[in-house]
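The chain below stands alone and is given as C-alpha cells, in the form predicted on its own.
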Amino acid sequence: MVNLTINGKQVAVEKDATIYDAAKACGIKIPILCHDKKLHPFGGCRMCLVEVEQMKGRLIPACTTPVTEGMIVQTTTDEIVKARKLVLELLLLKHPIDCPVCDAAGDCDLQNLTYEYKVNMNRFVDEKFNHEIDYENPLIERDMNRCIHCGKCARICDEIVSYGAYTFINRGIEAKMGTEFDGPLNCEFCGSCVSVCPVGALNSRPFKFKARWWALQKTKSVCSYCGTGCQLTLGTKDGKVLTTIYDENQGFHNGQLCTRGRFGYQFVNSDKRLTAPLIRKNGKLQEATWEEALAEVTSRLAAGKSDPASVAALATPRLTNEELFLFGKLFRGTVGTDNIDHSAGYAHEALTKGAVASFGVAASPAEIADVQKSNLLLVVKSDAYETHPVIGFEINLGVKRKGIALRIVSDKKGKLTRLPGAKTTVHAPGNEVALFNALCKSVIDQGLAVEGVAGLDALKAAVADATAEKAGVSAEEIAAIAKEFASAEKALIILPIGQGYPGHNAALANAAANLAILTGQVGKEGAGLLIMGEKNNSQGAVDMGIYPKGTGLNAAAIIDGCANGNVKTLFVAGENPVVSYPNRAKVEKALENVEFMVVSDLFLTETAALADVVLPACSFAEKSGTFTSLGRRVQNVRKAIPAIGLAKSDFEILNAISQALGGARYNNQGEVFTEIAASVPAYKGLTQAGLKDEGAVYPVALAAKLVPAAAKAAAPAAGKLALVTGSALYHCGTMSRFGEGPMYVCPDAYAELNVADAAALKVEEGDQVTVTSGTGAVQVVAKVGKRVPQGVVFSPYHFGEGSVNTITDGAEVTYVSVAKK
C-alpha cells in the first residue's frame, strides 16, 4: 500500500492507484471529463489538474499520475480553480450553446461543470464548428459540433467492444472524432460510445426528445434478454420505459450493455402488446374479461386433474424464479402432471443432464468472474460473442489487457477470431463432440492426463478410436490445443447453449467437461466449464425444476402428444414453439390439433394466435422477483412501471389458477422466494432483501467424474450445403423482434453464405434465395462473406417470417440446397 495526503486527509491505496483513485477512495471529488474507470487513463481534458507539493511549479493531471509514498496533494487551490475555468472556457469556445434542445441536458458533464465553476462568460471568441450531423444511424446520432475530444467513445469501442469504429482524424484545430473514411457510423450498435459520452455529441436516437433526464424515474433491475444477467437502470416516465441509464458502478460489467440491453427495451411499451384477455369464439379470438378467461382455463385444468397425463405445460425461462417455482408447483403438484418443460427440451440438457452427470450439479462449475482470472480460454463456437455479447466484452478485456490466450473451436469464424493472438480451429459442422473426444485422446496420448480421476478407464476406452480426422481438423491442431489446455495454469471452457444450437447438448457438455476434468482444470478459479444458458433466467428455470423429472414428457414429446391426441390440454407461458422449435410445420399442426391451448404472453405471437385462450402477461419491467444468471448469480428484478393495459404478471395468473384449483395461494411473490429458499438447496439462506443490488452467487459442491460422450457421425450429403443455426448479435429468442432497436439493425431473416458458394450459385449480397431441405423450403435474404467456410450456410432462428425452423428437424446439421429466387 502507498500512503499519501490529499487536502489534509491521510489515505492508503494500492501502489498502482492514481491520484484520482486515491482522492475518490477518501471521498474527495476531482472533476473529470475524459476519465472512465473501465478505460485506460487518457489525461486529455485537463479538468483533473491538481497540485503536488513534491512537484511544485506545475499542475498535473490526477487521472494519469500514479501515487507515490508521502505524496501531498491539493485539489482545490485558487490556481487549480482558475486553471479549470480556463479549460472550460476553451472547451466552450467551439462548443454550441444549444442546451435547450440538446438531449444530454441534465446529464451533461460539461454543462454541470460549467455551472459548478460559474463560467458565465468567455474571454475568447472564435467560430463554432459546423460539422455535418450524422442522422443516418438508426440508433446513434453523432453531432461532432458538440464533441470535446475526450476520446472516450474511441477508447471504449477499442478497449472493451473491440470494434474500433472511431478514431481521431485531422490535426490541430481541425481535429475531430471521425469514423472509417469519415462516413456514417457503421458498427455493431452496442451504444457503449453513447453511454460514456460526457456531452451531447453522441445521443440515443430512440430516446431523443422523449424526456429530460431530471424528469426520469430510475429503477435498478436486470436485463431480460440473454443469460448473462447484466444489471441495468431503467429510465421511466408516465408509465413508460424511455431509456436505459448508464451507471458505471452497476454489476460485474460496470454498466456496460450490448445492443439488446441498451436499445431493445422498447418491446415493453410496444403498441403490439396484448392489453386484454382473449377467448376463441366461433373460430376467432375475441376480447374477454379476466374472470371469463380464468374460468375457461381453470375449468379445463380442473377436468385434467382426473387424467394428468393428458395435461402438459411449457414455460419460457424469461419468467422470474418465483413464477417458475409456482408454475412447477401448479402443474406438477396441483394438477399432477410431470409433462412440463422449457426451451424446446434440448436447450437446457447441457445443464440438466450433462453437468449433472459430469459434476453432480445442474449448473456450471465456473462463474463469470472466472473469465478474466483464466490463463487460457477455450471457446466453443465463435457465436459465444453473438449469444452473450457482454461475456464477449469480458473475453475482449481478458485477451487485450491481461494477455489471456484465446482458442476457439468453431464451425465458422467470428469476431472473437480477430482478437490479438486468437487461434481459431474451424471444424466440420456438428462434430463438436468428436473434436473434444479427440482432444481428450490427445491429452491421454501425450501423457498430460491427471491420474486417478473417476471414470478414466472408461473414458480411455471410449475415445480410443477418436481422431482429428473425424472432427474435420488436423492432428497437429488437436495436439497443440490439447497441450496448451493441459499445460495452462488455469484454463476455462466457454460453451453457449440455446434453441439455435441443438448440438450443444448433454453429450457436448460431457465431452467438454471431460477435457477440463482430465487436465485438472476444475475446482479452482479461472478454470473449468462455463455453460452459458440462452435466456435471462435459463439457470433459474433449471434450478426451479422446469423439466420432466420422472416419466413426464419433454418438450418434443409434448408436441408429439399434441399431434397424436394424448395431450389434450396445453398451457404455454411465454414460449413460442411455432417459431423457436424445430420443424415449424409439425409444431403448427400439433398445436392446431390439441383440444385446448392457453397461452400467456406479452404479444399475440405465432403460437398465441393458435390458442383457445390468450392471457396478457407483464414484462420484466412491470413486476418484481429474481433472475438467476449463467454464473449462478441470483439478482433482484424490480418493478419500474405499472402493468400495460389489463396485463397481469405470470405470478398473478398462476397464483389465481392455483387458488381456484385448490392449490397453494401466496400474498405476494416474496412469499414464494421464501419457500424457494427453504426447498431449493442451492438457494438456502438467500432472501430477496439480502440480495440487495449486487445479488449473490450460490455455491456448488462438485463431484467431478469423466463421462464418455458418443460422437454422432455427421455424414455430408453430396451436392448439399450444411445448414447450421444459431443467434444473431442483435437478437435473443423471438422477443427481440418486438424491440425497435434490434429490428432497426437486423429486421429480416437471412442465410449467410461463403463467397465461393455464392459465386457458384450466382448469388449476391441482398439477393432473395430459397433454402430447401427435406423438411420444407424458406425464402430469405442472402448475406455473402468469408465468415462461414465453403460448404456451410448459417441462419439465425429468431424470425417469424422466413423462419429457419421451417426447414430444420432438430438435428445438429441440416443439409440444404440454396437457389436464387
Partner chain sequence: MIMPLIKGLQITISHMFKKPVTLQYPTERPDVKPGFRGLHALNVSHDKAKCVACYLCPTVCPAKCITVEAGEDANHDKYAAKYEIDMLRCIFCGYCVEACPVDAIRMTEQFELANYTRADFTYTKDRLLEKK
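Positions refer to the first chain, counted from 1. Worth saying up front: this structure is predicted, and the values here are computed from it rather than measured.
FYI, the form predicted together with its partner chain isn't displayed, but the following is about it.
- Comment: its partner chain is not present in this chain, but in the model of the complex one of F124, F168, Y115, Y135 has a heavy atom within 4.5 Å of it, namely Y135.
- When its partner chain is considered in the model of the complex, only one residue from R212, K82, K589, K712 comes within 4.5 Å through any heavy atom, namely R212.
- Although the partner is absent from this view, G452 stays clear of its partner chain in the model of the complex, with no non-hydrogen atom inside 4.5 angstroms.
- At a distance threshold of 4.5 angstroms between non-hydrogen atoms, P100 is in contact with its partner chain in the model of the complex.
- The closest heavy atom approach of E141 to its partner chain in the model of the complex falls within 4.5 Å.
- The shortest heavy atom separation between R155 and its partner chain in the model of the complex exceeds 4.5 Å.
- Partner proximity in the model of the complex, defined as non-hydrogen atoms within 4.5 angstroms of its partner chain, places exactly one of 243-251, 365-373, 204-212, 637-645 at the interface: 204-212.
- Interface residues of 222-253, taken as those with a heavy atom within 4.5 Å of its partner chain in the model of the complex (partner not displayed), are limited to K237.
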